[in-house]
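Just the one chain here, the form predicted on its own, laid out as structure tokens.
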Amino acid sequence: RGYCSSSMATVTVMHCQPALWRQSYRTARLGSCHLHTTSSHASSKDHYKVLVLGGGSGGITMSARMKRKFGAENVAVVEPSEMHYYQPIWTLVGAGAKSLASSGRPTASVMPPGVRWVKSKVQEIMPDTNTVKTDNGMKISYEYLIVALGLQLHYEKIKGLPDIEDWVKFKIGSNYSVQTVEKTWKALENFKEGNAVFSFPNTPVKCAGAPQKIMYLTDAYLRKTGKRSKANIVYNTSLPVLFGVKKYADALWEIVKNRNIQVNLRQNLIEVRPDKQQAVFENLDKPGETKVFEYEMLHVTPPMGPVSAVKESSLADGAGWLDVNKDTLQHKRYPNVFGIGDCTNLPTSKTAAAVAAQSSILDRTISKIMKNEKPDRKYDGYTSCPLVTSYNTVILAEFDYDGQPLETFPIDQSKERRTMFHMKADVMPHLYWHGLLKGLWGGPGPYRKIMHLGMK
């Protein structure tokens, strides 16, 4: 997520929510600081100047920025997960190139010291009374609300998809969740011969490039292990295009052609028949028409949608996403509510790179609103997707709201490059943990100007 998994973050955002953990009062020591957490009972203080919902990329980033602005005691974050994951690296975990352990850190270690961590799940958002209710009955009121709840994965919407613990047996994987990403590697490692099938659902997704990144890595792995001649690689996408930005799509079509990968557009996965190792796709252009693909390996990108707390609140648009102004990230109807990352209806790709660029704009917007001034900086829709095309090459796609390339480097970024792979695998994780999450990285905008001598 500069960075793209799927929200990094989430990202955003980058919400991976394991089972809720037993709630308890505890104080986690961070160096010499204390990080306060609260739970089932209202703490001595349940009103905050700024309340942040979600502890993924967007939530942690904004809580760090708000702490600097208003002091730790005036900021609280609601997040149930004990672990925070850098999801963009899961592309490489699924391909056996990185370990899952390297992608996660305890939430306590990324929470800004002194900010209150409410270790619970958001149950209800009531913007008319400036109140949020958590699933353990706690009510928290706020002056300003930042919603960074990421999105929801809906594996259950694919008929016949077996329980996750049986995926290895049925040769199924998915790079989109902490429970399933290692199963992708198992399926790839155990591949013998036949079809390797990759899906892209008919919903918004986080990191739209991720479903094909694992496809290119599968091709590379099978070549390396001498199995490629016995494999047929199939990419079935619900989209009418291979990639949303023509410049990069053209480059990807070349790669697909050269590597003998079969791409089928407007195909949506609706059913899995694990005992027969079959995947059923519907043709979105011909309702009612389906096609069955036998597979030796199946990578599932699940349908995704808004989280229920947002969807069921008056903050949602007609589709259930957080309804924000695309320039300022301020809510369209509630002026003291703001959004960032995958939970919003911003018309750009949901990536951690987008979160980085949004965070600096949102920081500025909030400062202006609090002074009763008009926001004076606009978010241009910047997002980035490092398209991993092998174990050592990346096409670095960067673009804006209009799907126009918005490239940082003064080179043609539609070409596969080793330097960009190094950036994806080694530089970006460092930038994420030590820059973005500390509220110190607002995207490459300023550097782009320098690199292009002020021309972009």
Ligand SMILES: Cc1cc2nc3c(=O)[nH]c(=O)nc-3n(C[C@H](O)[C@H](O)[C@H](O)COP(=O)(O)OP(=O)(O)OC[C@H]3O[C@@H](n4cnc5c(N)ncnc54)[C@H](O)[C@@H]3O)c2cc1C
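Because the structure is predicted, anything quoted here is derived from the model rather than measured. Numbers follow the displayed sequence, beginning with 1.
Note that the form predicted together with this ligand isn't included here; everything after this is about it.
With the site C-alphas superimposed, the ligand pose in the predicted complex sets this ligand onto this chain such that three or more atoms are within 2.4 Å of backbone or C-beta atoms; a blocked site results. Proximity of residue 307 to this ligand in the predicted complex falls within the 4.5 Å heavy atom cutoff. When this ligand is considered in the predicted complex, residue 122 lines it closely, a heavy atom lying within 4.5 Å. Using a 4.5 Å cutoff between non-hydrogen atoms, residue 362 does not count as a contact of this ligand in the predicted complex. Mapping the unseen interface onto this chain, residue 183 falls outside it, with no heavy atom inside 4.5 Å of this ligand in the predicted complex. Note that among 368-376, 196-204, 236-244, 76-84, the stretch whose heavy atoms approach this ligand to within 4.5 Å in the predicted complex is 76-84. Checked against this ligand in the predicted complex, the residues 210, 187, 269, 315 give one hit for a heavy atom within 4.5 Å, which is 210. Contacts between 379-396 and this ligand, taken as any heavy atom within 4.5 Å in the predicted complex, involve 384, 386.
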